[in-house]
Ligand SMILES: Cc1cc2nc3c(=O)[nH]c(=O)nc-3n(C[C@H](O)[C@H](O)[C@H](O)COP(=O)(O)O)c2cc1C
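Only one chain is shown below, in structure tokens, and it's the form predicted on its own.
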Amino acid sequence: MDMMELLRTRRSIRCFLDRPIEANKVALLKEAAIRSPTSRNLEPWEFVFVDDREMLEKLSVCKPQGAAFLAGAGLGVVVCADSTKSDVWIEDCSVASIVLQMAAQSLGLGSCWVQVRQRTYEGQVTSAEYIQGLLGLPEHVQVASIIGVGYPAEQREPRTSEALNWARVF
């Protein structure tokens, strides 16, 4: 599948089959992640690949809405960065997140992004702090997102060209 076809067919998938992702596909996702472009090639990002069902369930409650689907994913990729390495770690993590999603799509997998940065877990605890505690990440390693990945248990139709917001292009 070429890049334009991947872009046209990629949709957020939140329902997954109860099927493990093969090791060779996980290896390709890891390679895609570390091939992500970074500002000044500083590579501040770090990736935690989680396939443990219990840990995925714990990650699925990292915020009140929008993460529950992680409990059914075959894989969760926590996208984080050493915030001391780059002033644009957020942007670098965002690029890596979409690279992971496009790589997943190219492998016949579905995915969905979970926004973590600037979200709240509970009370005064942020989603990022909750995840840092779960995974034992040091304070300077900031969590940007989690990409839930798995074999799709739902089919979502691609958006037509007519449905795109062409008014945003100048």
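Sequential numbering from 1, following the sequence displayed. All values derive from a computational prediction rather than experimental measurement.
If you look for the form predicted together with the named molecule, you will not find it shown, but the lines that follow are about it.
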Interface membership of Lys63, the named molecule in the predicted complex, 4.5 Å heavy atom rule: yes
Close approach of Gln115 to the named molecule in the predicted complex, 4.5 Å, heavy atom: yes
Contact flag, Lys25 vs the named molecule in the predicted complex, heavy atom cut 4.5 Å: no
Interface membership of Tyr130, the named molecule in the predicted complex, 4.5 Å heavy atom rule: no
Among 102 to 110, 64 to 72, 120 to 128, 36 to 44, the region lying within 4.5 Å of the named molecule in the predicted complex by heavy atom distance: 64 to 72
Neighbours of the named molecule in the predicted complex among 12 to 26 [non-hydrogen atom within 4.5 angstroms]: Ser12, Arg14
